[in-house]
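Subsequent text provides structure tokens for two forms of one protein chain, presented individually as structure 1 and structure 2.
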Structure 1
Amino acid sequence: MHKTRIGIIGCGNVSANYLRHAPLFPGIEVAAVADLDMSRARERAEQFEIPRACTVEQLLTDPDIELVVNLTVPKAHYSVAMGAMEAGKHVFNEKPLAATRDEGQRLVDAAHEKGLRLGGAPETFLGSGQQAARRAIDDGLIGRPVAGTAFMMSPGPEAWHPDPDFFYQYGGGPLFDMGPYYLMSLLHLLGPVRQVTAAAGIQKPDRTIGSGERAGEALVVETPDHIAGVITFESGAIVTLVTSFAVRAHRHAPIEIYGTDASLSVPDPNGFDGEVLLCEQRRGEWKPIAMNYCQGYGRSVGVADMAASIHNGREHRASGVQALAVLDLMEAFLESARSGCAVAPRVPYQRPAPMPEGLEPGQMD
């Protein structure tokens, strides 16, 4: 098996998740980590026994690194990814693909022109829960999908995150931070979108950091912290989506899809596994459906799938084009909120191939 050597740029909180799960996949090897703060890079290298901690420039000029995993803050996703592709590296970006639709399109175009692969999180749709939910819908267990709901609502991350500023800057907010998980799941389950309508606002402008060295420091909220909207799919299904950092508590399920014959409860799209429940009667029992997909995936599965695809010639599932479609929808939500009008997506979407059933842990095909 060819082992793809990868380098990780950005050693913040999410890097630990990638580094923890990367050893599960024999087709990839983390060769180096880099960060603007070298002390953070060294700390991650020591924690996860990575051979090399280096500067970003050193990582990009390393000829042995084939693929860069870009875990920088959202506003840096474009510049770091473009720099990596200019250095001849394949790139997998954390979500969102870029801060704007135009930046995301330029990344997709650059990858195509250079003959490189571009991937993008979230890759949680590759997990057993989302794959089983897709299989249930594709197999007609709920009949024709007609409607759905998707809720991501919390009071915000400043209580636990030591440096939460970027969550409330342009390119952040609940829609750009957590919305990608929900929109990627909905696209994966229901296919292309016809239009979105939305409302958005800064509902809680006064916020304070609650942990770390900056505890007690006030935050500036520059982007909407509550966005609600309706997505109309090409299939005719109508889904209500709410993303919020202004809700203290709620009792909604993460995602439910309603069909002509039954309803489906889909697990949290911010995770990889979870139970998929089916209910066929109005007051009937919600029963788990059987699934035969590999469980235990975590961050790095999208990277491993892309690395495998580079060497066997197939399309990778968590592609840059798909991540661009999600970014396009998020911008459409904000455009609709500003204009008060329905907005059609500009980026076409095509569902990726499903994961095969019966895979062993670490297998991609």
Structure 2
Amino acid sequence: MHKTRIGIIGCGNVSANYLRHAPLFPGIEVAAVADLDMSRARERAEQFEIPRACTVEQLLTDPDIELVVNLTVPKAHYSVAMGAMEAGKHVFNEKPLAATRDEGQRLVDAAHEKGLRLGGAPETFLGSGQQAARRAIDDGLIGRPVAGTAFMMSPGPEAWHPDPDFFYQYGGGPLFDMGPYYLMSLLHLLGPVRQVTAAAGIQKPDRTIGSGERAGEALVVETPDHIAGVITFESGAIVTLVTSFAVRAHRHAPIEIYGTDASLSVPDPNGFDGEVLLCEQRRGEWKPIAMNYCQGYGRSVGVADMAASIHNGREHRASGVQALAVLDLMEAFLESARSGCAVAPRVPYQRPAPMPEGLEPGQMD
């Protein structure tokens, strides 16, 4: 089997998650890690026994590295990915694909022009929970999907995060931080979108850092902390999506899809597994559906799928085009909230191929 040699740029929080799960996939091998802060790169290399910690430039000039995983902060996603593509590497970006739709589009165009692959998180839809939910819908278990709800609501991260400023700056907020999981899941389940409408506000402007050295310091909230939207899919299904950092507690399920024959409860899209429940009657019993998809994936599965796709000559599933469609929808929500008008997506979306059933852990098609 071909082993794709990978370089990771950005050795912060989420890199540990990628490095922990990468060894599950025999088709990829992390050959080097890099960060602006060399001490972070060295620390991760030591912790996960990666042969090389180096600068970004050294990583990009290493001819053995075929694919770069970009785990830097959102505002650096564009420049790091473009630099890697200019060095002839395939790139997989963490979410969001870029800070703006225009930057994301330029990345997609560059990959196309250079004949390189561009991938983008979230790839949680490759997990057993989301795949089984898609299968249930595709097999007609709920009839025709007519509506749905998706809720990501919390009080915000400042109680536990020691440096939460970026969550409340433009490019942050609950929509850009957590919305990608929900939007990617909804697109994967229901297909392309016709239009979105939204209302958004800064509902809780007074916030204080709750932990770490800056505990007690006031936060500046620049971007909406509550965004309520309605998505009309091309199929006609109408889905309500609320993302909020202004809700202390609630009892809504993460995602429910309502069909003409039954309702479906979809597991948290910020995870890979979870039970999919089906209910056919009002006040009826919610029953788990049987599934035969590989469980236990974590971050790195999208990278492994992309590496396998390059060598097997198929499309990769967590694609940059798809991540751009998500970024486009997030911008559309804010545009609609500002203008009071419905906004149509500018980026077309096509559902990726489903994962095959019955794969062994680490196996790719």
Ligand SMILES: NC(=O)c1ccc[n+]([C@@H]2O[C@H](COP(=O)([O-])OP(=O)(O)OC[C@H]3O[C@@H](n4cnc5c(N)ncnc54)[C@H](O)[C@@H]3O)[C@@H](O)[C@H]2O)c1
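Just so we're on the same page, rigid core means the largest C-alpha set that superposes within 1.5 Å between forms. One-based numbering along structure 1's sequence throughout. Just so you know, these numbers come straight off a predicted model, no measurement behind them.
Q: Pick the form predicted together with the ligand out of these two and give me its number.
A: Of the two, structure 2 is the form predicted together with the ligand.
Q: Comparing between structure 1 and structure 2 on the rigid core, is the C-alpha shift at G229 2 Å or larger?
A: No, G229 moves less than 2 Å.
Q: For R207, is the C-alpha shift between structure 1 and structure 2 2 Å or more after core superposition?
A: Yes, the C-alpha position differs by at least 2 Å between structure 1 and structure 2.
Q: Indicate whether P162 shows a C-alpha shift of 2 Å or more between structure 1 and structure 2, with the rigid core used for the fit.
A: After core superposition, the displacement of the P162 C-alpha between structure 1 and structure 2 reaches the 2 Å mark, so yes.
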